[in-house]
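Shown here is one chain on its own, the form predicted on its own, set out as structure tokens.
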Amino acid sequence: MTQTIEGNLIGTDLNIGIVATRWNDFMGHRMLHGAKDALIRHGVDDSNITVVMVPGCFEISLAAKKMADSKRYDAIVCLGVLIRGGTIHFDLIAGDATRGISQAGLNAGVPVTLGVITTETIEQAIERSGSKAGNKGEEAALAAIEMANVLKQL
């Protein structure tokens, strides 16, 4: 008989780290609020949530790596907002942030979820940070809970 391992969305007794950026804070703050709200609604005690604020998306991966390496957290949620401008800066930061966030989790063996939105316009960023397209911070937090529970079973 096939065995299937699935996570659940029960956050009781989980310790969750959040790395969030101050850059584009209007949208980022909404994503952070959505992430914290989702964690608490799914049973994570507020005292078991640690938020680390960093300047921008480029700095997320180092803070996430440090948190993941500490083994104090069952999962790390990474939140940031990148809006395309007139230079290649957006592409460089988006690629490096995504790779760094992925490597932080892979190297430490701790779930590190990607809640960095990359948009063409400020309107798209507003939509993805808590209006008609949902809240990507909340989605990243739920993925963190589920992955933490999957890894506990493996």
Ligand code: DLZ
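For every residue, the number given is its place in the sequence shown, counted from 1. Only a predicted model underlies this, so the values are computations on that prediction, with no experimental measurement involved.
Missing here is the form predicted in complex with the named molecule; even so, the following discussion is about that form.
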{"item": "Within 4.5 Å of the named molecule in the predicted complex, all of 56, 59 and 89 (non-hydrogen atom)", "value": "yes"}
{"item": "Per-stretch contact check against the named molecule in the predicted complex, the hit in 89-97, 45-53, 122-130, 32-40 (non-hydrogen atom, 4.5 angstroms)", "value": "89-97"}
{"item": "Touches the named molecule in the predicted complex: residue 135 (any heavy atom, 4.5 Å)", "value": "no"}
{"item": "In the predicted complex, residue 75 touching the named molecule (heavy atom, 4.5 Å)", "value": "no"}
{"item": "Contact set, 66-84 vs the named molecule in the predicted complex - heavy atom within 4.5 angstroms", "value": "81, 82, 83"}
